[in-house]
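Below sits a lone chain in structure tokens, taken as the form predicted alone.
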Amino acid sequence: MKREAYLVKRRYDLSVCLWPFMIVCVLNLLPSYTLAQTSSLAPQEIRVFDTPNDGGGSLTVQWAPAPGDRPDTRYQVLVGEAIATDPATFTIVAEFPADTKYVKDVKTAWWTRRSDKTWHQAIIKSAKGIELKDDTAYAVAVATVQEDRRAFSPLQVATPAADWFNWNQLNNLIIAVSFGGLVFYAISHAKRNHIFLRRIPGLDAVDEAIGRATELGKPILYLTGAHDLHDPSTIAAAVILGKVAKRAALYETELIVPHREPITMAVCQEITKQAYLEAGKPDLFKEDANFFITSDQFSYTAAVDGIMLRKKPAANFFMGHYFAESLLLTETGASTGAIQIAGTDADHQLPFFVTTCDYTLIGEELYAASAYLSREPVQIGTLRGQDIGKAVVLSVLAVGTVVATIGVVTGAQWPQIFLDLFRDLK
């Protein structure tokens, strides 16, 4: 009994002596454990490089998700001078949750994508506190933040620079070149073969309107719209004016062309003069057939309405782009009994033209008018090439819709390969 009591006492004394030693060991191990845990938070695989296919002034950083990511984890992207070594002194240019900003979220084509789509990606640009300059090296680090802990990745150095070519736009270049080749082929085909053009009633009525004005001995009024020559509709209106002027010269019918833009007036004067020369009636050409009124919208409208009421033209042509003045002009023309032909790409004015005019060229019919009237192979071929291009675009839209739907329903990745071929990527 005495021996057992002695052994129990020895064990108790030994345990009392060991407790301080064990506490010291635990306290010594805690910092190293915390350091190891913090180090494991930091991204280890990190890539920093000049942002491809851009105009310079930016860097791209990509890294693999850290294994210790939690819902409350955040990433910080830090930038500093290349000679700096302490990332804690760098400027924070981006901060976001760990479940955002992946490579797959960036609009890049599959032929320019460098990393796995599950990696994180951030594009670094000039921000408050730092300005990225081309041909200057910068140090970049990524920090993982959890609660009050922050762990830094190894530093990477990269230099931003401008690129000569945007490879993301390669598909657009191929499509544009293909479309241009298609137009040239259609022009070549039109020179050797007859190409059918759909009948446009409004243009078929041009001869009827000019003939009616000739029979009644009344003038023809022609308007080129509210825009200047920077607008395609005004250019189309000026081209059609040349065809109308040539017919008017052949029939020796007076032509009146009031303008809102001085430059448009000067161009139309030359077009009208050339039309009279081609008709063999240069002596009938009048310089003041094209004249400038005013650039003010409703002052011009009031002046043209006055011309309609005084001279009562037998045919009114409204070609080009129009605004609120369209109904005021066409209502006045209709009240005089004139035959009216309109053509515009202004969809918000089409209801008024359709209601008050005898014939209306809707949208692209205005642009096709020159080819329809002249029957020149170059213009007809261009028109045919554009129509084929539109058919191709509509077909791609239909097929792309089906393919995108399949990708969403099945979760497959291959539809994206097809869709990227026709996307406008920056």
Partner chain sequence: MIFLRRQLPLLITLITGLLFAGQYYVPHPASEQMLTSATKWLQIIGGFALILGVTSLFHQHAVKITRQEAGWGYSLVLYAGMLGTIAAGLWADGKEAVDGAMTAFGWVYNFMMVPLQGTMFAILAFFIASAAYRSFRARSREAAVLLVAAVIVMMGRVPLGEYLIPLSGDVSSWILNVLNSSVRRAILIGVSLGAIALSFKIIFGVERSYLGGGKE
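This one's a predicted model, so the numbers in the text were calculated from it and none came from an experiment. Positions refer to the first chain, counted from 1.
The next section is about a form of this same protein that is not shown, the form predicted in complex with its partner chain.
- For the options Lys104, Lys286, Arg113, His230, the one in contact with its partner chain in the predicted bound form, meaning a heavy atom within 4.5 Å, is His230.
- For the options Phe96, Tyr185, Phe298, Phe291, the residue carrying a heavy atom within 4.5 angstroms of its partner chain in the predicted bound form is Phe298.
- Contact check for Leu173: a non-hydrogen atom falls within 4.5 Å of its partner chain in the predicted bound form.
- Taking the partner from the other structure, its partner chain in the predicted bound form has a heavy atom within 4.5 Å of a heavy atom of Phe352.
- Contact check for Asp50: no non-hydrogen atom falls within 4.5 Å of its partner chain in the predicted bound form.
- For the chain shown alone, Gly280 is not a contact residue for its partner chain in the predicted bound form, no non-hydrogen atom being within 4.5 angstroms.
- With its partner chain left out of view, the stretch that reaches within 4.5 Å of it through heavy atoms in the predicted bound form is, among 248 to 256, 84 to 92, 164 to 172, 268 to 276, 164 to 172.
- The partner is not shown here, but in the predicted bound form the stretch 322 to 345 reaches within 4.5 angstroms of its partner chain through a heavy atom at Ala324, Leu327, Leu328, Glu331, Thr332, Ala334, Ser335.
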